[in-house]
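Only one chain is included here, represented as structure tokens and corresponding to the form predicted on its own.
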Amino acid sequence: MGSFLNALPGAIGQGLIWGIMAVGVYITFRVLDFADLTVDGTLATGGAVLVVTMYAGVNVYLALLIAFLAGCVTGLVTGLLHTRFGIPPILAGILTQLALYSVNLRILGKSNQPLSVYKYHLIASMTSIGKAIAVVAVIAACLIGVLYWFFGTELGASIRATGCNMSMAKANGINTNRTKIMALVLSNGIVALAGGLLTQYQGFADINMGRGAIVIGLAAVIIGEVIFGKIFRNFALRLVSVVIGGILYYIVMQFVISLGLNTDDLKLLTAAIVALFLGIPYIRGRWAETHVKTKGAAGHA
């Protein structure tokens, strides 16, 4: 238990960063209803771009902005593959993700590049976890505020309408191809931003740092929805629940590791957690349906 408590601040810091990444996943997965697998490559793109730009002497804030824009480009590619070439969402994301492996390797120059807090000014590093948590929490709060405002605008409402009912959105004159591209651009930009923060936090960028990111993002989204879905109705609060879901995910993972789980089994555990939380709403619905039928039968009797 002592080792778990000592590692808890680190789990919260890392969970916050992955929570920001999960906000990007939420935009495509829940708002747009688009299964986007680009994020596994985009996260690494954000980290790679941040490292290279900081090596070139760019300020950390500007480097994060450039990483965000690089992520926007990856989302644009996926959007164009889907809307202009008619490629299904999952395949479009896989194709972009596959291409990004080579692109990220080109950007980094090799599979792994360090980013030392002692050589560069970083705003979120595990060497100062308290500061990292505070900074990332502020970034998450600002991001949620901006997204809450954006999805209240006409363009944001058009994206939400496209995700809710694309046929009805088209009937109301909405260019659904444009809204899909906009959502993918925004989503992957946020994921790349999280990649830039994660690179600073862990002190290096790695070509494989985004592997399995979509599963972690989904885990954060589902955990947040299952726990807070009935009390967080406001859109901003739903985004907050996603970030909290990311934190809870990493706390659970850290707790399980402290019990002696082999780290080679983490991916298996992640899949099990996602499957469990995905199944809870269905099981709950079936139970409620059975309960209603039982009461109805008892009433007739």
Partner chain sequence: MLEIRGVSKTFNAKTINEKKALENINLTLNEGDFVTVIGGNGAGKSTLLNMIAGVYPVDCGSIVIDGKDVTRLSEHRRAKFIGRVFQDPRTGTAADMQIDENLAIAARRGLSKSLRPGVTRAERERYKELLGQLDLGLETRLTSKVGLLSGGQRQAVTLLMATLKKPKLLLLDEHTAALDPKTAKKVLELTRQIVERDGLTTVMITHNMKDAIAIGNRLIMMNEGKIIYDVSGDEKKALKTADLLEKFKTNAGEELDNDRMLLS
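Numbering follows the first chain given and starts at 1. Note that the coordinates shown come from a computational prediction; the quantities given were computed from them, not determined experimentally.
The same protein also has a form predicted together with its partner chain, omitted here; what follows describes it.
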| item | value |
| --- | --- |
| Option from 174 to 182, 201 to 209, 82 to 90, 123 to 131 whose residues, in the predicted complex, bring a heavy atom within 4.5 Å of its partner chain | 174 to 182 |
| 4.5 Å heavy atom contact with its partner chain in the predicted complex for all of 149, 158 and 161 | yes |
| Distance check, residue 119 to its partner chain in the predicted complex, heavy atom within 4.5 Å | no |
| Contact of residue 141 with its partner chain in the predicted complex (heavy atom, 4.5 Å) | no |
| Its partner chain contact in the predicted complex: residue 102, any heavy atom under 4.5 Å | no |
| Any non-hydrogen atom of residue 168 within 4.5 angstroms of its partner chain in the predicted complex | yes |
